[in-house]
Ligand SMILES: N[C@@H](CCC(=O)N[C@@H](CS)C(=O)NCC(=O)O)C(=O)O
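Before any questions on how it binds or moves, here is one chain, the form predicted alone, in structure tokens.
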């Protein structure tokens, strides 16, 4: 039995949800984290020692870190899928963009989300918000340049790189923030919205 532990409004939980829906894989999702708590229990910490979400559980095997989970699912369940190509250079490009989403975008965009959505107005640090918006804008400029040349982040086909960045782009366009004009980025976002799994699980209300 495959179980995904994590709350549905977490971008990092959305990643494996989206992938498993794309691959039509059966799974059970269990709410933990945020208002659900339970991530500080010994049972959960045995699955994910960071106390963050998500955690994947399969018949006694556990895995954490969202991008590692994406790679594992493809390797284990869809080894021939173009989502994670086996050719070394093509896979290297996908890996590069997946890791870049974590190193360039994840932290500043999290600051933007938490400030505007999960923090009361009187408690917001607007100087930190402005700095985070600028950093996130620079990260998204990388994808804007890439999608000027290709329809998807890692090239001409949809891959795990699109999942790693795509769970964040809906928030980028719907939150009331300052952002640079990015027509190619927006066109890529519109392509993602045509995918039922993305529209259903990643493009809902931002909470």
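Please read these numbers as outputs of a predicted model, since none were measured by experiment. Numbering follows the first chain given and starts at 1.
FYI, the form predicted together with the named molecule isn't displayed, but the following is about it.
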*Per-stretch contact check against the named molecule in the model of the complex, the hit in 147-155, 48-56, 172-180, 23-31 (non-hydrogen atom, 4.5 angstroms)*: 48-56
*Spell out, yes or no, whether the shortest heavy atom distance between residue 102 and the named molecule in the model of the complex is within 4.5 Å.*
yes
*Applying a 4.5 Å heavy atom distance criterion, does residue 184 contact the named molecule in the model of the complex?*
no
*Using a 4.5 Å heavy atom cut-off, state whether residue 11 contacts the named molecule in the model of the complex.*
yes
